[in-house]
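Below you'll find only one chain, the form predicted on its own, shown as structure tokens.
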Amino acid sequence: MRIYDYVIVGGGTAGSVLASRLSENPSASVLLIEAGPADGPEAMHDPARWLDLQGSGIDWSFETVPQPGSGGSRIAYPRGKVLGGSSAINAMVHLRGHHSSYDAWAAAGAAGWGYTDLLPFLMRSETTAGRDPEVRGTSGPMRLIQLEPGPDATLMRDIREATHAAGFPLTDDPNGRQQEGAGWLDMTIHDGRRQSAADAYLEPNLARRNLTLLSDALVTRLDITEGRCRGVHYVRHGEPGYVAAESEVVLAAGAIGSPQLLMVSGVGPARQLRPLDIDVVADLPGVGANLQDHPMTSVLFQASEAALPTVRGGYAAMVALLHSGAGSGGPDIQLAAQNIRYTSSALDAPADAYTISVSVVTPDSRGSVRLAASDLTVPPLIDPGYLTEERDVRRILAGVEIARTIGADSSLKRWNDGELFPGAARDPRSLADYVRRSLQTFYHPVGTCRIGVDAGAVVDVELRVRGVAGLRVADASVMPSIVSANTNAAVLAIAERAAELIG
């Protein structure tokens, strides 16, 4: 039997950070277990081919249960199944979100997890140039570029100015002091190639003698004996295996994988586990509850002849974190302008189109991850509960109207030959039908093992699983509520802070 001080389950964003940071202590032995391969196809490294990775061999290829908020359809739910996890297949956006969405964690009982608490860890993860060094990192593993379009890419510049003309602020750095407004995205691209968390954190450190990587190994169950997690059972190339943890097991399998593994191991809602003949180790009703994601739709424009070189060219994007007027508190919608057709497959959109996507980034709707079987190889039942709260519907409709107003600005007339979608839909009912038909995930599931102090919390403020010694969770699942942006930057910070708490 092999014994390590720390066994980390999941080699995605959080797991890559944890393995790198914990192995900085040469006296601590660290094992990182990843269900997918250590590397993927060449498309994984090409920033322009990120959409090709969905449904590929490095995608878990989950789908949701039927969603009433999308007219009863099932929605594809990509998650990375490769070293680097979803940071190896995502759109490479590095966006922190508004400080108010972190402060909501502390207000809900996650003391020590507010924005000022996490800022040092957000900074620790990144290297930037020419930014405010008091709020931006200058020596972290993730080497970021700001995707400001070149001088010939005036379409994106004009969309940004049209956003300003519509009454919204501009920001020079959406990750800086002013997070609200329209600005240019930071991207995890280095030397023209995708930089996943594994590329940044693990690759330079895999030669450490105290760091072991076990890829292509699916953890099937936690070994919990007498109230303590002792190790993990796994299957690799059809052969069962077991490793023990002298100090701790840390789950970093994400908002889907971590609750699923806890539940098949007997940690979760007893009333759901017992009918599946799972022995209950700890009755924690919050495991798998509180699932949140950003629902997204798109406004598409037919590219004009003048815009075709841009639309057919490289990837460029403007992002805007805005108030919809239908919410309260901090900014609640995100617009992202992209020079590609980016929409649901349910829409028959031409290739020569560009997009302003619309997402509710502080949704009220909540869903769940539940077991379909006691066998971890059976995909879980994923229910994001999109648009189940009426306020989310109002906000996404308000966002669509803002995107249409921006797209109709006189400065953009030379760039498009009209709006393709929603097109003729104008009245609230038709627009709501369009939103449901075109609804997509923004690939940001969180919250299913949330931090807190109440009975529904799964982990405490030090990320320790309630009722089980020697076990923590440190990934997107611990967020009490979703951050108001793409979640990868926040996960990096969570894992950085977790490493400090553990080590």
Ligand SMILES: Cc1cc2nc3c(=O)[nH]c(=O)nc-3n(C[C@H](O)[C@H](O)[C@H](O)COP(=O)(O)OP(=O)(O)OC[C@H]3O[C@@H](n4cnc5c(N)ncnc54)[C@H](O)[C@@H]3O)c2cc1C
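Because the structure is predicted, anything quoted here is derived from the model rather than measured. The first residue of the shown sequence is 1; numbering continues from there.
We do not show the form predicted together with the ligand, though everything after this point is about it.
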{"property": "In the predicted bound form, segment of 406-414, 255-263, 155-163, 198-206 with a heavy atom within 4.5 Å of the ligand", "result": "255-263"}
{"property": "Contact assignment for the ligand in the predicted bound form, among L118, V393, A336, M92, heavy atom within 4.5 Å", "result": "M92"}
{"property": "Residue contact check: N486 to the ligand in the predicted bound form, 4.5 Å heavy atom", "result": "yes"}
{"property": "Partner contact for S87 in the predicted bound form: the ligand, 4.5 angstroms, heavy atom", "result": "yes"}
{"property": "Any non-hydrogen atom of L439 within 4.5 angstroms of the ligand in the predicted bound form", "result": "no"}
{"property": "Residue contact check: L147 to the ligand in the predicted bound form, 4.5 Å heavy atom", "result": "no"}
{"property": "Residues in 47-62 close to the ligand in the predicted bound form, defined by a heavy atom within 4.5 Å, in order", "result": "W50, Q54, W60"}
